[in-house]
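Next comes just one chain, in structure tokens: the form predicted alone.
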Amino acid sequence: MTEKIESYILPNGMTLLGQFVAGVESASFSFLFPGGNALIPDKACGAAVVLDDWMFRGAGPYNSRQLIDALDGLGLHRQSGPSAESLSFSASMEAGNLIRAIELYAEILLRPRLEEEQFEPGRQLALQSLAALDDDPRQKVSFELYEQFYPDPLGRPSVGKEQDLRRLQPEQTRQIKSALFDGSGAILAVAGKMDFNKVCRRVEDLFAQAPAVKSPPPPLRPALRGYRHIPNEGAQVHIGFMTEVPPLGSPAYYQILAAVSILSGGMSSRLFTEVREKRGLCYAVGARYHSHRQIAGISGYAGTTPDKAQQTLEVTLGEFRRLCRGIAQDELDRAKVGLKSSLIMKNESTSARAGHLASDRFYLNRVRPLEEIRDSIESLTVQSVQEFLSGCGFEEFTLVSIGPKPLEVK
């Protein structure tokens, strides 16, 4: 049976999306506001991270302790955080608590207290998270890679920058909050056991007066690209690499997913087999697709030792180029099984469904039914994937390494 996806547009332009899921007792929602780190003013990188904490330290009639108790009392499993192009707030719960949870989030999103004395604890947490990257070089190399690959401000690290966080002031952060939370561009997606008409009526009561900010998209500065090395006298070398491919929404999207799965879709993938298993060059290697609205890339990581770092880099990038020379039917078959398996798991999770509704509407201005995604995966052929790969080449890579000495990069 074809899934039913409902939608409603509030008078202020806010979009509501809903999908009833039979056979579950849970519900999930995902709020998504356009903007994110790319709309943060220069020299304030990290303000969205501070806001993400500060807004939950009291809102409307609730002080910090009362608000946390109210959220925990509903049994919410919640997540929030900024990306380059959006701010997201999501939660899953027992279905009977859905309306009450949305009411609490209306207070958090529209009427946060943002009290002066609660600002510094949020900033200190952001600084601690940033400092913790020194103990997580795999994550650090990923942030550095995106900043090197994407045009500024799309590549700004979501964790912020130390000097920007230290100079950030409460009033400045309040002004940033007002500029980021655009009611006219907001999306609320709900999935699970729920009455969509009832949700719409309550959301309209709560969010009808949400201001329409409509901040223009930021001008993009040229990307740095090339190679950057970060000295570190440790016993490991961490290599991040990225190459440009078409963004989400491109006709080649599913061919890209298949290519990435053949490269890095499990223990039978090419990178795992050729780099790790056959040659024993690294303890971890993989690749994934990463996309913004206008630009995307296949990013990857390899963790190895200084004596094997150079060969690890050469063999890993060589596997990308070898992919362009041909793929086998059994490789594509495994990739399709993996992609469909991921789709089935998404189909069974109300939180994943709500996130899918919101992100599709944001990036594509429409929602792809799961049946459409399944059919697109099933229709992939060796020829169609090879046509994409033949025009790709994988000749230009952005590279970042963390280790004792730089790598030789041609």
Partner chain sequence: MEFKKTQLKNGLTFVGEINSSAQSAAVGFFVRSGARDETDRINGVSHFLEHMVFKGTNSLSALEVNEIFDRLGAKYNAFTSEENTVYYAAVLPEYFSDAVDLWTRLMRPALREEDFDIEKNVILEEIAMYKDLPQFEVMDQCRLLHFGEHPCARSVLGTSESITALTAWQMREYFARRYAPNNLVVACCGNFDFDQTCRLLEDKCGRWEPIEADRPIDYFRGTLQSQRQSKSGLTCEHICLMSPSVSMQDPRRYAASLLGMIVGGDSGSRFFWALVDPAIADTAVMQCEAMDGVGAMITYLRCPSADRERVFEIVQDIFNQLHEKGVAQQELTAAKNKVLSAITIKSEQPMGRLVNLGFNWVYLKEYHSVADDVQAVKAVTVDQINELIKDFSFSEFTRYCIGPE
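Residue numbers count along the first chain shown, from 1. Note that the structure is a prediction, hence the values are computed from the model and not measured.
The discussion below concerns the form predicted together with its partner chain, not included here.
The stretch from 107-115, 218-226, 194-202, 270-278 that comes within 4.5 Å of its partner chain in the predicted complex, counting heavy atoms only, is 270-278. At a distance threshold of 4.5 angstroms between non-hydrogen atoms, Q236 is in contact with its partner chain in the predicted complex. Of the heavy atoms in V337, some are within 4.5 Å of its partner chain in the predicted complex. Of the heavy atoms in G75, some are within 4.5 Å of its partner chain in the predicted complex.
With a 4.5 Å cutoff on heavy atoms, V159 does not count as touching its partner chain in the predicted complex; it lies far away. Checked against its partner chain in the predicted complex, the candidates P151, P137, P170, G185 yield a single residue with a heavy atom inside 4.5 Å, and that residue is P137. Of the residues Q311, S129, Q163, S250, just one reaches its partner chain in the predicted complex with a heavy atom at 4.5 Å or closer; this is S129. Contact annotation for the candidate site: E244, E387 and V400 all lie away from its partner chain in the predicted complex (no heavy atom within 4.5 Å). With contact defined as any non-hydrogen atom lying within 4.5 angstroms of its partner chain in the predicted complex, the contacting residues in 290-321 are G303, T304, T305, K308, given in sequence order.
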